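Before any questions on how it binds or moves, here is one chain, the form predicted alone, in structure tokens.
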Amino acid sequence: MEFTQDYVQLAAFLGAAIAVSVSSIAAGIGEGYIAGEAVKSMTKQPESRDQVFRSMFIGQAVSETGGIFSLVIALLLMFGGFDVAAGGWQKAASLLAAGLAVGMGAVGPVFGAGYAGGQACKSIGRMPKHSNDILGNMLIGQALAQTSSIFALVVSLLLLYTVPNQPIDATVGDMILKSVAILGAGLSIGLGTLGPGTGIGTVAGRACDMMGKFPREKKEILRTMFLGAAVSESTAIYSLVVSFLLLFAF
């Protein structure tokens, strides 16, 4: 079967669709959770409305990060000039894998950031006079949760721009092996961020909740949150290393 430009475009369009659709599902749920907790807080404590509104909008903006990364990659896939038949099957695999990496890689971090934002809104409604401390803790936790989505973005960009064209004399076995390795790199970081992103967001969310109940324990809460987040992030780093190996060692 002759490889044509249409196959490359098909992979690019499918990768773009996966990137945006999967990340949008996660972003919508995460941001909706934040808004829901904000509404509950304002209903219980109307005097905290301004602080809760501020926390809600900032939390939703940070939670959107993974969706923005996915949108950028989707636009590059559609309009980045990757529709060259000379790339072969491995180039088509890299375009599809780029969409998988950034789309799936946004799910865990967005869920985590959404949970942290929602818990911060709830905590501020309970203790509005400590809103600045709670908001700062929320932003730190959300930033840590979004680290995994940055890993996914890096791998996605590498898949777009570092995978060489398929050699003219490549055998069928070589094409299959390289294509599977490329797809594996995208899946490794895409699935590998699900647990760390969600876990770090859970730690951050509980820290925000406890800060609203025990504000005097701020230092101990922050210390524990950082330690827990660091350990949770380790598995995302493992996935990143495996993705690099699949891209450059095979």
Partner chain sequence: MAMAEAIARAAALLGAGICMGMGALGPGIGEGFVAGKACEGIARSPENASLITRTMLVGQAVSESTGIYSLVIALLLIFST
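Residue numbers count along the first chain shown, from 1. Quick caveat: nothing in here was measured; it's all calculated off a predicted structure.
This protein has a second form, the form predicted together with the partner chain, left out of what is shown; the following refers to that one.
Visitor: Even though the partner chain is not shown here, does V8 get within 4.5 Å of it in the predicted bound form, heavy atoms only?
Guide: The answer is no: V8 has no heavy atom within 4.5 Å of the partner chain.
Visitor: Even though the partner chain is not shown here, does E220 get within 4.5 Å of it in the predicted bound form, heavy atoms only?
Guide: E220 belongs to the contact set for the partner chain.
Visitor: Even though the partner chain is not shown here, does A61 get within 4.5 Å of it in the predicted bound form, heavy atoms only?
Guide: Contact check for A61: no, nothing within 4.5 Å of the partner chain in the predicted bound form.
Visitor: Please run the contact check for G67 against the partner chain in the predicted bound form: heavy atoms, 4.5 angstroms, yes or no?
Guide: Answer no; every heavy atom of G67 is more than 4.5 Å from the partner chain in the predicted bound form.
Visitor: Can all three of D174, V180 and P196 be found with a heavy atom no more than 4.5 Å from the partner chain in the predicted bound form?
Guide: Yes, each of D174, V180 and P196 comes within 4.5 Å of the partner chain in the predicted bound form.
Visitor: Heavy atom within 4.5 Å of the partner chain in the predicted bound form: which of A27, I34, A207, V52?
Guide: Selected option: A207.
Visitor: Let me know which residues along 232-248 have a heavy atom within 4.5 Å of the partner chain in the predicted bound form, or say none if there are none.
Guide: Residues within 4.5 Å: S232, S234, T235, Y238, S239, V242, L245, L246.
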